[in-house]
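Form predicted alone, single chain, as structure tokens, below.
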Amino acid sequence: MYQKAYGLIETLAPLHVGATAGEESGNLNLIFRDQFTRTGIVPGSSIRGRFRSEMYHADANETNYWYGHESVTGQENSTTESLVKFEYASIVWLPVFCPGQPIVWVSCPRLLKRYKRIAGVEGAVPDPYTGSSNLQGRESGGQRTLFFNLGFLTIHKVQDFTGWFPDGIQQPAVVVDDSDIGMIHDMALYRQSRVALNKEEKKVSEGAFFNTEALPEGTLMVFPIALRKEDKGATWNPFDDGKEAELYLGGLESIGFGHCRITLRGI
């Protein structure tokens, strides 16, 4: 039997988890995307690797117990199954620049349905083009219109979104159609060019120019966790200070990417 729990990710800096510069991707480092909504994800293996690494520094034996023992050359049956399993993290709310706000959190029914299933949110998923009750917009003829960089977006309904934000604090937000979220997501991504300078002179080293994209600061994500119950009665406690910690995800932390606050619920 598995105990269901879940984790929440709030990005405190741009988050890049995806390809690195190389022959496969040229000099553009793309993030991993969901195949249907085309929005950013963090693979479960990346989350597992970070959690495992954090525990390994404190107690290697405890790490092998919870995350499984790797195979040992020449020893049969040396591997063990992980007692903690992670699925990928998907976006719940994505912050998008909007003139005059200046930030509006955007989501779509498909992403909110997954969040509802994982976190047990009560109530029906908001319809497309429903805005939060605190969303500012131009009102004319009984309609509220929001101005994005890509154009105007008409709000058809207004609803209290308090229960749809993990911390219970409603932000200015709008739910768009599943077919629109991919375009808005690409508009909101953090993009930057990076170079490495030659050690001897101030010019770019050969092959050391690359562009990278990342989920912006303030993105809210969710991922399911499954805990297999054992007779030993041990408790999985990945963070020393409780159920919340600030960790780095992804491989670009040395240049200021990947700083996140992770909160666990249901463990």
Partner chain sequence: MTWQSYQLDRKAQKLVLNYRDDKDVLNQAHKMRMTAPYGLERFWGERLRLSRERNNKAKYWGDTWQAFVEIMAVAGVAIPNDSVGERETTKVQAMATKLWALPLEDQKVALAVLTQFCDCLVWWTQRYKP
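Note that the coordinates shown come from a computational prediction; the quantities given were computed from them, not determined experimentally. Positions refer to the first chain, counted from 1.
Keep in mind the form predicted in complex with its partner chain is missing from the figure; the text below concerns it.
- Just one of Gly74, Gly142, Pro99, Gly123 comes within 4.5 Å of its partner chain in the predicted bound form, counting any heavy atom, and that one is Pro99.
- With the partner removed from view, the residue among Leu189, Leu135, Leu153, Ile118 that has a non-hydrogen atom within 4.5 Å of its partner chain in the predicted bound form turns out to be Leu153.
- Its partner chain is not shown here, and in the predicted bound form it never comes within 4.5 Å of any heavy atom of Ser82.
- Its partner chain is not shown here, and in the predicted bound form it never comes within 4.5 Å of any heavy atom of Leu112.
- Residue contact with its partner chain in the predicted bound form: Asp180 places a heavy atom within 4.5 Å of it.
- In the predicted bound form, none of the heavy atoms of Ser78 sits within 4.5 Å of a heavy atom of its partner chain.
- Of the candidate stretches 180-188, 164-172, 85-93, 193-201, only 180-188 contains residues with a heavy atom within 4.5 Å of its partner chain in the predicted bound form.
- For the partner-free chain shown, nothing in 31-57 comes within 4.5 angstroms of its partner chain in the predicted bound form, judged by any non-hydrogen atom.
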